[in-house]
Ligand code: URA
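Here we start with a single chain on its own, the form predicted alone, put down as structure tokens.
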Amino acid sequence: MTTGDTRPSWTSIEEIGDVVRSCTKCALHKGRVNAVPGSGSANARILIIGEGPGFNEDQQGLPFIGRSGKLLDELLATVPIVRGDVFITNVVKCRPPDNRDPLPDEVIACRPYLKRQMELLDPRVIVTLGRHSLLRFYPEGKISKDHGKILRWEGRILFPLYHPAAGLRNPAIKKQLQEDVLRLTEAVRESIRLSAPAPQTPQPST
């Protein structure tokens, strides 16, 4: 159920998935095999957001299951984190033709889905993969400059990484990814510190 694009009121991650799979709000639906709402734990403290589904994801309706997904799993395993402990989704939920960058109207059409997923999951750490995912939260950001940094966003930790697909194309970026992802544990620790109640100042007795 929704009360309009700007105030989505879907009550569960599963309900958002059902709506996404039948969505026709932008032209991407015309070429899809499957929409890809996302997958993972509904109690995840870490939300991983890519840019858009690729060929394998479109075929199976699941995020990051091709070569990029294999590299992502390998990166997370070094932390170590497994998929079952996180939630993975994308800025747009249907595959752009030929894996091109998402267009602004496509990002806008999917925005309510991602917004509500974030509200329901209430993650402490948001890991962005690639430029478009970073710009969703940090419009002035540059992935070449901000990758691996522990940033703050609305009381949460924002942790930008290069997209795994870029790592597959460029060995130097893959090496940087391998180094950056090791800071994820530090990002989690910082998120715990941010969410902890502020210590109360003792009041003098009268």
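The first residue of the sequence shown is number 1, and the count goes up from there. What you see is a predicted model; the values in this text were computed from it and never measured.
This next part talks about the form predicted in complex with this ligand, which is not shown.
- Judged by heavy atoms within 4.5 Å of this ligand in the predicted complex, the contact stretch among the candidates 40-48, 176-184, 148-156, 57-65 is 57-65.
- The shortest heavy atom separation between P160 and this ligand in the predicted complex exceeds 4.5 Å.
- Although the partner is absent here, N90 sits close enough that one of its heavy atoms falls within 4.5 Å of this ligand in the predicted complex.
- This ligand is not shown here, and in the predicted complex it never comes within 4.5 Å of any heavy atom of G167.
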